[in-house]
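Here's a solo chain for you in structure tokens, the form predicted alone.
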């Protein structure tokens, strides 16, 4: 072992890595458990990559073969149904874990100086996760995914001035078709993974540089600390194991359905709706009247969502600690309001 360690140290700087791991620590307090969700999100993303590679061995991105190739995976390939189900369920759990991680950062006020760039990179990673969900939803080429993608790209086309160009870029043409499927496949397996990998490395570097933030209501500089490796890492490993148990149970007991093959010439099925993480804005747009004064309702809604997104992304800057506790309470109230809106309107969008 000594010879192996010396060999690795000469080529990889092994002792420097061990030294870093030995000195890195994590503060221990009543909210330490929320630190685990960042690692859980990373773990589920890794599962996404591994199962996605397995599915790529059989998937064919064309309107004439996409549905049949997925059908072949779930019916003929050994354990193919389980791999596809794990891929689909882990995508949803990854986005759920990312949302939990984001709101835990808000409620623990971990976005504060000097962690503004960590917050921005994390929000960008959440946006990429939603992009993964949107692009991957069409790939099975079934009826539900086809018409949901059509609705989503129609909403993008409503953006003033550049809406038509955005919709055409997403669709690869004037309507959802084979060009859209090929383009979404490229986004899903090449463009988004490449950008996500680079941004993920940056996010992890920023987390390592700034360290773990403690909530402002926990006073004192001499908080109890635990070593990251092996103490906190083993706890994180148990959180991954619990996530894997939930994922395996969902995938085995509730296999992801394939549905019917998409028919572009058929009418849209009744009650068409997007995935749960897009339900709140989708239902909100349905509630807005077709015209508010002289402005189109959908356009007004998209403008409102744009302002909300910019306001949320810039949270570390407008909530800088200029008024202490008052500003922190304002951020907490904004987080509670946004969380309540997303939960309530998602449930209403699912039920109606």
Partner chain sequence: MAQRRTIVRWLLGGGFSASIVSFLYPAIKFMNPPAIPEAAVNEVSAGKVQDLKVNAGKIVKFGSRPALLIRTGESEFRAFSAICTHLNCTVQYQDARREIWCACHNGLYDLNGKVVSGPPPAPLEEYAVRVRGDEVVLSKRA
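Residue numbers count along the first chain shown, from 1. Because the structure is predicted, anything quoted here is derived from the model rather than measured.
There is also a form predicted in complex with its partner chain; it is not shown, and the following applies to it.
Contact check for residue 174: a heavy atom falls within 4.5 Å of its partner chain in the predicted bound form. Remark: residue 147 counts among the residues lining its partner chain in the predicted bound form, judged by a heavy atom distance of 4.5 Å or less. Residue contact check for residue 183: one or more of its heavy atoms lie within 4.5 Å of its partner chain in the predicted bound form. Its partner chain in the predicted bound form is not approached by residue 235, whose heavy atoms all lie more than 4.5 angstroms from it.
Listed residues 250, 100, 74, 268 were compared with its partner chain in the predicted bound form; 268 is the one with a heavy atom within 4.5 Å. Scanning 286, 60, 327, 29 against its partner chain in the predicted bound form with a 4.5 Å heavy atom cut-off leaves one residue, 286. Site residues 168, 282 and 298 are all in contact with its partner chain in the predicted bound form, judged by any heavy atom within 4.5 Å. The stretch that touches its partner chain in the predicted bound form, counting heavy atoms within 4.5 Å, is 147 to 155, out of 200 to 208, 147 to 155, 83 to 91, 101 to 109.
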